[in-house]
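The chain below stands alone and is given in structure tokens; this is the form predicted alone.
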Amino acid sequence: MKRLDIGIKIPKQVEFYVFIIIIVLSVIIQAKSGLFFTNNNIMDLLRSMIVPSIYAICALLSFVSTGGPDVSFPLIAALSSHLATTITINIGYDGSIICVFLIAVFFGLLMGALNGWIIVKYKFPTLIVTLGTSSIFSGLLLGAFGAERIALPGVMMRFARASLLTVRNAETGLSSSLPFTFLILVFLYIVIYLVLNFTMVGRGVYAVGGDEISAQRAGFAVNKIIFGVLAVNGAVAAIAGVCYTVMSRRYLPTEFAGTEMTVIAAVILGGVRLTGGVGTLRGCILGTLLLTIVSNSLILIGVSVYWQKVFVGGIIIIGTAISAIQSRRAAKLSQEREADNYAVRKEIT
């Protein structure tokens, strides 16, 4: 925290400034349209955030542990969701939705483990490996499995029709519902938060992303941590895939690809450092919320879809620039500390 002469503390966390931007943007949209804080608009925003927020968890884990983006999560979501849906249909399963999620998680784990194995074995950059496996997963999905539009089986449709909460706007007559997939997001958030902040594994994830050599000297199993994070990423992406499918109430393979850059931009905007080792779940959720508001709510004040893309692009560039500047400052401070320590040791000897 930096303290001004007048005694006011200025938070240095990026999350604080993203939160302020969200508040200001919300007030402006409300003042212009009078519709932002309506119950159905809030519900629609929460609904729109579910899948991007789960994807953001994947992007956070990848950046923090490897210092590189995992861009394969949309295709892992698409392929694992397709396999879970078709297996459920083919075996005529009509039990609990949990089994459908478990089938998807199994295939997601396999695909994530493939990413992790290649990265650990050959020390290739995460971006390059996941770009390659994305292409493989896409080929398998559309070529080998011939994925196309699928009507959901009964077990998935029942879960899709169930809602956690439904609200109705008295003035407009519009109603909106919050699906049960929102609870899955909350559950994942709590589990990942506890692991990252209160376990030795979580400390290892941040340590490996910050400096692999130092983490290894401290006793962390670097390769196992990176492999585990990429495998978990696959499982989380698979859960997001099933959530998206049931929320859409049909399976369409072409709807999954193309979301990775927006999600990565959201987590960078939320304070995740491009070089690894720094980032919080809170920042990811705030970054995702900001981009969701820009994408969904600017239309309330008459901003066209094309101008919304301009806003999103501008936010992505600004967020990336802030992260890059922070990385340079951190590197500079580290060098200065090393120089000071070297000078102290030299004086002592």
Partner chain sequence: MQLEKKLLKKIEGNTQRLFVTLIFLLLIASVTKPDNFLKLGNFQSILKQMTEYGLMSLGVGICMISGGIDLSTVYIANLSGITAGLMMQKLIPAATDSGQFEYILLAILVSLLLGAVCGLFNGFLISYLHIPAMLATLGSYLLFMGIGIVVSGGSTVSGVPKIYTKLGNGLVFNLIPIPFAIFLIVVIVLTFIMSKTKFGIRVHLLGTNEKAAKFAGIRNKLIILKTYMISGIISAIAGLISLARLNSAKANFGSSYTMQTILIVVLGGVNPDGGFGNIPGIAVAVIILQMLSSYLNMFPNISNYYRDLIWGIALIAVLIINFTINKQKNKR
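Positions refer to the first chain, counted from 1. Only a predicted model underlies this, so the values are computations on that prediction, with no experimental measurement involved.
This protein has a second form, the form predicted together with its partner chain, left out of what is shown; the following refers to that one.
Although the partner is absent from this view, P69 contacts its partner chain in the predicted bound form, with a non-hydrogen atom inside 4.5 angstroms. Proximity of L140 to its partner chain in the predicted bound form: non-hydrogen atoms within 4.5 Å are present. Taking non-hydrogen atoms only, A331 never approaches its partner chain to within 4.5 angstroms in the predicted bound form. Interface membership of K309, defined by any non-hydrogen atom within 4.5 Å of its partner chain in the predicted bound form, is confirmed. This chain is displayed without its partner chain, yet in the predicted bound form the stretch 131 to 139 from 152 to 160, 217 to 225, 83 to 91, 131 to 139 comes within 4.5 Å of it by heavy atoms. Of the residues given (L274, L102, L252, I184), L274 alone sits with a heavy atom within 4.5 Å of its partner chain in the predicted bound form. Of the listed positions (N39, N296, S33, T320), a single one reaches within 4.5 angstroms of its partner chain by any non-hydrogen atom in the predicted bound form, namely T320.
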